[in-house]
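Take a look at this single chain in structure tokens; it is the form predicted on its own.
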């Protein structure tokens, strides 16, 4: 997924919103495009919408500059001038879908957007995110081709099998799905990020694990 700035700064404080202009996302996309003329922005959106339709119909592996030009009824040179190459087009398409997704929960209507109770918004955020990922799965995986391989190594599968068995024994609902939830906490990249980049002590992660287990297995 296209990288976005975290909601908190590196010290763990709430992200600043001072000076934000109306309509600007609180979590700006890393690849955010500079301001452009209204007609240029409309043309760019039209090209991205054509590209999105092609990806939905054929998959990202079949996305070409020529196909986008034909779908948008413009010359091929227009697409190259706007995005540079196929890689630039894919990144712009990711930014476009991410922007719409972000706006839906940052400034959209409740219950996903502001104005609903926090638990309700959490529920809707998870559902909206799952639907966003499912809708753009092929494009997102094309941008991160290694993402799925983390679930393939035998040690990972063994951990998931072990967790699922324990959850079944504890009578904790959908054991297979919950095993993945627990396993996501036991990720070396996450541990490195939280301990080395965010300065969290290991004891905090351990306490979080015990709290997560207690919540999942609570009758």
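Quick caveat: nothing in here was measured; it's all calculated off a predicted structure. Numbering follows the first chain given and starts at 1.
One more form of this protein, predicted together with another copy of the chain, exists but is not displayed; see below.
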### Query
Non-hydrogen atoms within 4.5 angstroms of another copy of the chain in the predicted bound form: do 37, 40 and 49 all have one?
no
#### Entry: Among the candidates 57, 152, 66, 169, the residue which, in the predicted bound form, approaches another copy of the chain to within 4.5 Å (heavy atoms)
152
## Note on the structure
From 74, 141, 133, 106: within 4.5 Å of another copy of the chain in the predicted bound form by heavy atoms is 141
### Query
Would residue 178 show up as a contact with another copy of the chain in the predicted bound form if we use heavy atoms at 4.5 Å?
yes
### Message
Considering non-hydrogen atoms and a 4.5 Å limit, does another copy of the chain approach residue 162 in the predicted bound form?
### Response
no
### Query
So in the predicted bound form, does any heavy atom of residue 116 sit within 4.5 Å of another copy of the chain?
no
### Query
Taking heavy atoms and a 4.5 Å cut-off, does residue 127 contact another copy of the chain in the predicted bound form?
no
### Message
Among the candidate stretches 107-115, 74-82, 88-96, 144-152, which one is within 4.5 Å of another copy of the chain in the predicted bound form when only heavy atoms are counted?
### Response
144-152
### Message
Going through 182-205, which residues have a heavy atom within 4.5 Å of another copy of the chain in the predicted bound form? Please give them in sequence order.
### Response
184, 185, 187, 189, 190, 192, 193, 194, 197, 198, 200, 204, 205
